[in-house]
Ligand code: KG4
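First, one chain by itself in structure tokens, the form predicted on its own.
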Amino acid sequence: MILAVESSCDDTSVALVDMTGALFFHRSLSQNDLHAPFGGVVPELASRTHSERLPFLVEQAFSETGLSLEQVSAAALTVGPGLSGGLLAAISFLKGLCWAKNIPMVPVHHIRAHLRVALDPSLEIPRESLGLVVSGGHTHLYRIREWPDLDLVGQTTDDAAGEAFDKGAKVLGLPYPGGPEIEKQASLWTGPLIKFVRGINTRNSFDFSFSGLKTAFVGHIRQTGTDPSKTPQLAASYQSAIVSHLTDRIGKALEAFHPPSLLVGGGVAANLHFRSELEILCEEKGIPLYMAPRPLCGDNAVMVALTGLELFRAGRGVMSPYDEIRPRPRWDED
């Protein structure tokens, strides 16, 4: 069995998979209610909550499956990128758990895990594919020369797409996290859309930028007010502008690189409008599209487990609990 833990931001998640990748247990505890009063994640509060919840979730995993620590072949954990406190909470907990039994530990790269879960674990990721991770903290486009090696092709020059969704929702008076709330309100509108900033320019044609769009959106609301009856139209217009910018840059990359496939993961990849537009784009370009299942788009331990299993089988990056394992909050894709 592989025991996996994810704690890079504000979701505490634990999973158990066997050596075929079959899922035996998966549970995530959200911290949305804890951070909602602050309008965003408070790192110290997040790390303390991870430390409180991890022992409970792991105990639950063993009690519900009837398995035990003795049956665990390795423990996989996210060590970066992410918030230092949350990463350290998982490292400290798992080192203590694995120490007595000398259970190997497999550090997992958070970005790679998001991409790995986009494709069935039994299948190899095609060489030269493109991979997009789009979330509250990342809007990064990679060229996958040979898995798991990534070359950064484009990235946001300011806000991540998920952050742009959250900020837009806050201006509309919608609850945190804002992405799902924007999507919910947008689904109520079928009329004409308000055109915000389009044709955004960046130095690198594959980069993303959302600050101008966010400023235009805030400016429009300040001029027109926040009449609740207008919220669905505003949400739909803002969502459409964000998705249009994402698909514009992805389309340019598809034309430039002609990849054998496009892999997409991250919390924003759960957005149905975005998924639909990507499907249309990839069908037009003749590029196979692999998107993470909606329940696995956000941070979760299943993606850590499957990536850790792959690394463990290959003997790549496997460490002893006696080794020094440090959080890597800004882990480059080396």
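Model, not experiment: these values are computed from the prediction. Numbering starts at 1 and follows the sequence shown.
Keep in mind that the form predicted in complex with the named molecule is not shown, yet the notes after this line are about it.
*Asks:* Is there a heavy atom of S129 no more than 4.5 Å from a heavy atom of the named molecule in the predicted complex?
*Replies:* Contact with the named molecule, no.
*Asks:* Even though the partner isn't displayed, in the predicted complex is T156 close enough to the named molecule, meaning a heavy atom within 4.5 Å?
*Replies:* Output for T156 is no: heavy atoms all beyond 4.5 Å of the named molecule.
*Asks:* E183 versus the named molecule, in the predicted complex: is there a non-hydrogen atom within 4.5 Å?
*Replies:* Result yes; E183 sits at the interface with the named molecule in the predicted complex.
*Asks:* When the contact criterion is heavy atoms within 4.5 Å, does H245 count as touching the named molecule in the predicted complex?
*Replies:* Output for H245 is no: heavy atoms all beyond 4.5 Å of the named molecule.
*Asks:* Between the named molecule and M105, P107 and P327, in the predicted complex, does every residue show a non-hydrogen atom at 4.5 Å or closer?
*Replies:* Not a single listed residue reaches the named molecule in the predicted complex, so no.
*Asks:* Let me know the one among P121, P232, G85, G137 whose heavy atoms come within 4.5 Å of the named molecule in the predicted complex, would you?
*Replies:* So the residue touching the named molecule in the predicted complex, by this definition, is G137.
*Asks:* Pick from 71-79, 93-101, 173-181, 203-211: which stretch has non-hydrogen atoms within 4.5 Å of the named molecule in the predicted complex?
*Replies:* This holds for exactly one stretch, 173-181.
*Asks:* If you look in the predicted complex, which residues in 149-171 sit within 4.5 Å of the named molecule (heavy atoms)?
*Replies:* Going through 149-171 in order - heavy atoms within 4.5 Å of the named molecule in the predicted complex - the hits are G162, E163, F165, D166.
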